[in-house]
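The chain below stands alone, shown as structure tokens; this is the form predicted alone.
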């Protein structure tokens, strides 16, 4: 079955420019492609010995559910992101993944992943960069919830999503398509849906950002960046650090 992983290639190329054989190794990783409907749970918290996935199309949320039934969304995954990569090493998933749109995922077994890493250390380095970048985003989300005001954290989160999407060729500094509901945003930002609604209204009234009809529009990108104190260094998207294979004499 045909599939395309160009989004993950665009993402990894930001850090390391792999050669044709290394890109071929990446393309050969998936054992099968799976199409899932909105609401389908891909991996559940506590699940053991599951495979990893590469998100090819659609959006996914990663989250934990507390004993009282409340949910904290850890992040949203977009095309090019890995799902459950850490669990290949920890063996048990510490959180869940759920499709929030119809999605296509490429399933990758730990055996194939480790075989590819053994044959292509530079590919392993690129995937490690992706995992490290995801961790850096989680740190920023912690700062969002712990220290930034509601309006600053909302602006910061939506700016971050925009930067991530531009890396894979989606959207621009004018805006991007976004399927998130106010309830999903609330669970990611540690706010109530009513509070999110008020914040989005304030951003719109201040002519900074408009989020309507499943699209985020940056009405004043520079001032929004200033409000959120948004800096992209933690996303590490400035270009490849390793551009070619090293040559040894």
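All values derive from a computational prediction rather than experimental measurement. Residue numbers count along the first chain shown, from 1.
The form predicted together with the DNA exists for this protein as well; it is not shown, and the discussion that follows is about that form.
In the predicted bound form, the DNA sits within 4.5 Å of a heavy atom of residue 181. The DNA is not shown here, and in the predicted bound form it never comes within 4.5 Å of any heavy atom of residue 132. In the predicted bound form, the DNA sits beyond 4.5 Å of every heavy atom of residue 27. Mapping the unseen interface onto this chain, residue 72 falls outside it, with no heavy atom inside 4.5 Å of the DNA in the predicted bound form.
With the partner left out here, the DNA still marks one of 197-205, 52-60, 29-37, 220-228 in the predicted bound form; by a 4.5 Å heavy atom cut-off that stretch is 197-205.
Scanning 85, 150, 116, 167 against the DNA in the predicted bound form with a 4.5 Å heavy atom cut-off leaves one residue, 150.
Contact residues in stretch 58-80 (any heavy atom within 4.5 Å of the DNA, taken in the predicted bound form) are absent; none meets the cut-off.
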